[in-house]
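A single chain comes next, written as structure tokens; it is the form predicted on its own.
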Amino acid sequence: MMKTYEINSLTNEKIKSWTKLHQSKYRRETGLFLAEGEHLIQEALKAGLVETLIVLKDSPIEFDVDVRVEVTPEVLHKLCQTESNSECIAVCRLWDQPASLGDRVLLLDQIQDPGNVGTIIRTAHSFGYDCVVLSENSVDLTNEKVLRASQGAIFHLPVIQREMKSAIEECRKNGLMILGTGLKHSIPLSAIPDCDNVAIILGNEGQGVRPEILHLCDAIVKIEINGFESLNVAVASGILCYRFRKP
């Protein structure tokens, strides 16, 4: 049975603790994060991640949740991080870590732009990838802009944050071909044979994949293009994911 109650004060202890979730430090400490807007909440509900739904008083929005908190516009505004006129936000728990990274993996090395990361996650899910791994110094995976850019795809495939070398080693032990991306000492993407078990490493927007990570790869590939040396990392991820998509 759903529990419903109201919060009207900006200084309420629950509101203060939820507001702290705007900071990655507290998201990591608590294992909780905020999902804003009906679409993201719906996707989080499908994944069984929603703990508390927070809505404007008298809102017609209905979700099947255990706890519903009705708040004033001022309280909701304090919790929201976007400029949109969202009427709802959810407190969600972090998804479980996978037992294995799977057969098709994207590894993101020091990628900082949350929009890029969210788009890459959405792309990986669309093309049947099993997991996305962010290096420890990439943008936080529960960053609000990452969640929005993923369009909820982040709730439907494992996305984890861990040390890159250990993730590569696990992929190698599982028999995956390790493909780095870069311009030096690289071969054209079209020359790479079809492969069902592959880990693709994408690098920082400005510096690319770190040299010490590239040294661990079976091959370094480049996308054949005209006019420019490189593509936006999210665009490149789309081409690479499609090339090695799951049938």
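Remember, it's a predicted structure, so these values are computed and weren't measured experimentally. Each residue number is its position in the shown sequence, starting from 1.
The following text describes the form predicted in complex with a further copy of the same chain, which does not appear among the structures shown.
S.K.: Since only the chain is shown here, I'm wondering whether Y242 would be in contact with a further copy of the same chain in the model of the complex (any heavy atom pair within 4.5 Å).
M.R.: Result yes; Y242 sits at the interface with a further copy of the same chain in the model of the complex.
S.K.: Residue-level question: is F127 within 4.5 Å of a further copy of the same chain in the model of the complex, judged on heavy atoms?
M.R.: Although a further copy of the same chain is absent here, F127 would touch it in the model of the complex, with heavy atoms inside 4.5 Å.
S.K.: Does any part of Q207 reach within 4.5 Å of a further copy of the same chain in the model of the complex? Heavy atoms only, please.
M.R.: Although a further copy of the same chain is absent here, Q207 would stay clear of it in the model of the complex, with no heavy atoms inside 4.5 Å.
S.K.: Since only the chain is shown here, I'm wondering whether S9 would be in contact with a further copy of the same chain in the model of the complex (any heavy atom pair within 4.5 Å).
M.R.: The answer is no: S9 has no heavy atom within 4.5 Å of a further copy of the same chain.
S.K.: In the model of the complex, do T119, E224 and A234 all reach within 4.5 Å of a further copy of the same chain through at least one heavy atom apiece?
M.R.: Checked in the model of the complex: all three residues contact a further copy of the same chain.
S.K.: Select, from the options 61 to 69, 212 to 220, 27 to 35, 184 to 192, the stretch whose residues sit within 4.5 angstroms of a further copy of the same chain in the model of the complex by heavy atom distance.
M.R.: Within 4.5 Å of the partner lies stretch 184 to 192.
S.K.: Taking a further copy of the same chain in the model of the complex, which residues along 15 to 43 bring a heavy atom to within 4.5 Å of it?
M.R.: Nothing in this stretch is in contact.
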